[in-house]
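Take a look at this one chain, the form predicted on its own, written out in structure tokens.
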């Protein structure tokens, strides 16, 4: 059996994800699809709309064969770290290929630029630093400029969110020396940040979350597979959906009460941004208001949210990430068969039951789960990491 890997958040799983999954099988012609999925908190510094266990079930019920968690130390970081962790997991699980959506749609461009960047690593990093020294440049702008300088004949717009991630997947494969092929499909019908649907059956996850938070189930059902809709409606009977607003009082307290020099020790806090964050917290009534007061051309909304999350989590800049590992969240019979086939070849630790895992290995993900459980109606989730076993879909 051969496997292809996809790197996902499924917040929540929708029709666009279903199309992506179907294309992954079609274009790679692999027997198994493995999804590396973010847990309680996501790459752009947001809490997941609902817990990872329900999201993993959505994925498996829709056709994913194996769902594993991307640990918090990777899942909530900038694209390069996020991609490194995900590719390391997929490489350990023996995938032959990865498949992702992108605005560019040409896998050869991603591979070619990643190869050039790896070969010219020293000069490329110098270019990045030079462009970042101009305070007007954001992280994405600096990377875009450095790549245009390195490869003027290859077009890849790193201002586009899926292109950024796809490039870093390709770069992580090259840097880690993995024998993994790359395949991509053009993202169609809905952009990642689209606030409202522009297609009769496909909408961005952002738009769908707005619809769900408004309890507009009639509209939501046209953008969601039936399997997702059933899980969402069952979950909503007993729990609330989670947003940053649920954590704003906790974040605001930390920003206002903490000494400025203490904030400066938090991961992601640099260049004196702690002063800007503290001043905004004093005057902002909501998290959205806080974002509006802190986001600039240099500090994107995603960067502010990631930094806010690290402050909420109290993650210090000098804290070392624990070893990467494979946390099993869900599987089909096909996925279970593949896992049994390759189990002896997997180089990373496997965790199926948290209570039996090395505590140091999973400590940050346990902390993240407990923090997540502080959202309204989620108090019963606080120990869920310890008693929930991977979801298994019956044949």
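Please read these numbers as outputs of a predicted model, since none were measured by experiment. We call the rigid core whatever largest set of C-alpha positions still superposes within 1.5 Å between the two forms. Numbering follows the first chain given and starts at 1.
Here the subject shifts to the form predicted in complex with a further copy of the same chain, a form of this protein not shown in this document.
For this session: May I ask whether 253, 256 and 261 each come within 4.5 Å of a further copy of the same chain in the predicted bound form, counting any non-hydrogen atom?
Result: Yes.
Problem set entry | Proximity to a further copy of the same chain in the predicted bound form (heavy atom, within 4.5 Å), stretch among 75-83, 311-319, 102-110, 222-230 | Result of the contact check: 311-319.
For this session: Please run the contact check for residue 370 against a further copy of the same chain in the predicted bound form: heavy atoms, 4.5 angstroms, yes or no?
Result: Judged by the heavy-atom cut-off of 4.5 Å, residue 370 is in contact with a further copy of the same chain in the predicted bound form.
Exercise. Just to confirm, residue 135 within 4.5 Å of a further copy of the same chain in the predicted bound form by heavy atoms?
Worked result: No, residue 135 is distant from the partner.
For this session: Answer yes if any heavy atom of residue 282 is within 4.5 Å of a heavy atom of a further copy of the same chain in the predicted bound form; otherwise answer no.
Result: Contact with a further copy of the same chain, yes.
Exercise. If you check in the predicted bound form, is residue 382 within 4.5 Å of a further copy of the same chain, heavy atoms only?
Worked result: Yes, residue 382 lies within 4.5 Å of a further copy of the same chain in the predicted bound form.
Exercise. After fitting the rigid core, is the C-alpha of residue 381 off by 2 Å or more between the shown form and the other one?
Worked result: It does shift by 2 Å or more.
Exercise. Would one find the Cα atoms of residue 362 and residue 379 closer or farther in the predicted bound form than in this form, where their distance changes by 3 Å or more?
Worked result: Compared with the shown chain, residue 362-residue 379 is farther in the predicted bound form.
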